[in-house]
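What follows is one chain in structure tokens, specifically the form predicted alone.
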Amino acid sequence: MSSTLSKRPIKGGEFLIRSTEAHEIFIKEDFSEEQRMMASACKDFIRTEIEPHIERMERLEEGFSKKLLQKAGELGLLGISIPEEYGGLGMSFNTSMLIADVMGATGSFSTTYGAHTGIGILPIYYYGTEEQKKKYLPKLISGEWAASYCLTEPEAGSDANAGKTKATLTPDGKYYLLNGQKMWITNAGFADLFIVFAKIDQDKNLSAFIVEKSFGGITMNEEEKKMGIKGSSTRQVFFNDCKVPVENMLSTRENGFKIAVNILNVGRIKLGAGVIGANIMVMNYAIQYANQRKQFGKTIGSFGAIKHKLAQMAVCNYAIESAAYRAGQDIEDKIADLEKNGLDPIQAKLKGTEQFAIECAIVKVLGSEMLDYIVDEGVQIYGGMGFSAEAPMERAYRDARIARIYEGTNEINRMLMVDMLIKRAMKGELDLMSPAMAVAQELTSVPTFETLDTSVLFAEEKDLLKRLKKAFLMIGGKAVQSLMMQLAEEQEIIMNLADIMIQIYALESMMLRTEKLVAMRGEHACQAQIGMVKIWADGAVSKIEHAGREAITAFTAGEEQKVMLMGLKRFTKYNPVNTIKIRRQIADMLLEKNEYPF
């Protein structure tokens, strides 16, 4: 795409140590007419097939979710980025992100859809033999068959490789007998095919199998009674001498854990994109309600407290949109580069996603937490009606909560992003040590103050961003140096570092998106977006200062601690911003347009 023609290659996690130019990133506004038409078709599907039948979905009417998958399959929505030879559309990774975004407005069905198209289909596409792909993918992409993914067990959640489900080879060497229990299995109630993880004999690592329901030996508990996503089938699945042909092993023996990890990378970034549709739906309801509901003789949207909420909701969604599509395009560009250099297309997709596993985790955490904030404020704007099951906020509130748990809890994802960053530095894939040492030397030198050209857009924010990256390098570098192997046990410090990473990535993504928009539309047309960047920057400073202070005081003392805290104060300095005024201006635009317009 023209927006990324002159892009310099970037590695996953490298955003912390190098600058990126606005023209190098992809933004939501860059989507082509063809991609927008796909999104429009998806919205039509939601409007005609899902919205009028929410109650049928919520009460898990038998066969209803499977029929929805079949109808989605007829529209090509189940194989957006799967090649045409298997029944897919062969479109880009970021196009599949866009459809996940739109589908996020469907609540329970977005979980059904995500499980089927992601953890259900992708293991076969990425790791299956050609025979397995030809046999199963067309059925799954058309919606004829529904897929499920069986990884979690009662004693193996975040520690997936601790699973106890066993696979035993029969004496004739033709079958594996599966025995074990899986729980929290999405789509289990109507699935025709299960991706099942089990250990063969005394293996250390999991292997994966493609299991057809027709193989027999599969029983289930009743549907789980859940807080939210009630319209998504979730059951415990039991395998009792389930007879699986040896040719249905997926990939090679003991490669199951690697399959699970790589598929989860895709699931994480897709979840981050998938909250956007839900955010926009909730915001539109809240904006329209604020324009209609009157108290004390005025619409509640005229009150400052409500304006604050509406504007901050918009800021949060703008942040995740900016981060998700930036990361999605980075993955897409890496895939294209690997293919250009001769790598097999499947391996290119796996390695391209793996390269940006840090960003995938960031987008998952950021997205799920922004969704939680937005739906919570949506309930509050509705007041008493927000607590009523008759209003739209109640279901949105319940459905949102799972996003911080599945695809790896946010705590696990925070620890993973820091762990992956440190490991890449240790392997020499990222040179974090040199800039960290430079920052350490800077702490003991006389500060220099650069005169900023305030006529340049985001001059202060760009300077701030450089310093926030220095804050991360200062704290992270010292934590690794001081704690070494012990750092892995200091989960609170790791989560502090992760929070700093998330704030930096979101701020930079928002700023670059807005710069690109200004180049496209002019500064006057982008005042709201400029304001949102300044609001996020103001909040990021507070969050990073708090997380940094907490981390520093946990592993330093005396003069060293004093120097680092002074450095943190220097790195987080940001001139005061009248965020109340900016939020009122953004809220007025939302109320005037009666929707989220960005």
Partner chain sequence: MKILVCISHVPDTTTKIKFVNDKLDTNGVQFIIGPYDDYALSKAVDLKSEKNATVTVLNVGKPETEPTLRKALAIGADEAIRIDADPIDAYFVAVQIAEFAKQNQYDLILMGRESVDFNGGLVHGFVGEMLGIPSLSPCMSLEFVGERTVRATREIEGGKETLELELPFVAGCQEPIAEWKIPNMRGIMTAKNKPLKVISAISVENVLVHRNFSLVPERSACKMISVEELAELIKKF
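Positions refer to the first chain, counted from 1. Just so you know, these numbers come straight off a predicted model, no measurement behind them.
Note that the form predicted together with the partner chain isn't included here; everything after this is about it.
- Using a 4.5 Å cutoff between non-hydrogen atoms, Met91 counts as a contact of the partner chain in the model of the complex.
- Contact annotation: Glu51 falls outside 4.5 Å of the partner chain in the model of the complex, judged by heavy atom distances.
- In the model of the complex, Leu77 approaches the partner chain with a heavy atom inside 4.5 Å.
- Contact annotation for Ala554: none of its heavy atoms lies within 4.5 Å of the partner chain in the model of the complex.
- Each of Ala41, Gly87 and Lys593 is positioned with at least one heavy atom within 4.5 Å of the partner chain in the model of the complex.
- Checking Glu34, Glu559, Glu55, Glu62 against the partner chain in the model of the complex, a heavy atom within 4.5 Å turns up for just one residue: Glu34.
- Across the options 79-87, 421-429, 186-194, 367-375, residues that bring heavy atoms within 4.5 Å of the partner chain in the model of the complex belong to 79-87.
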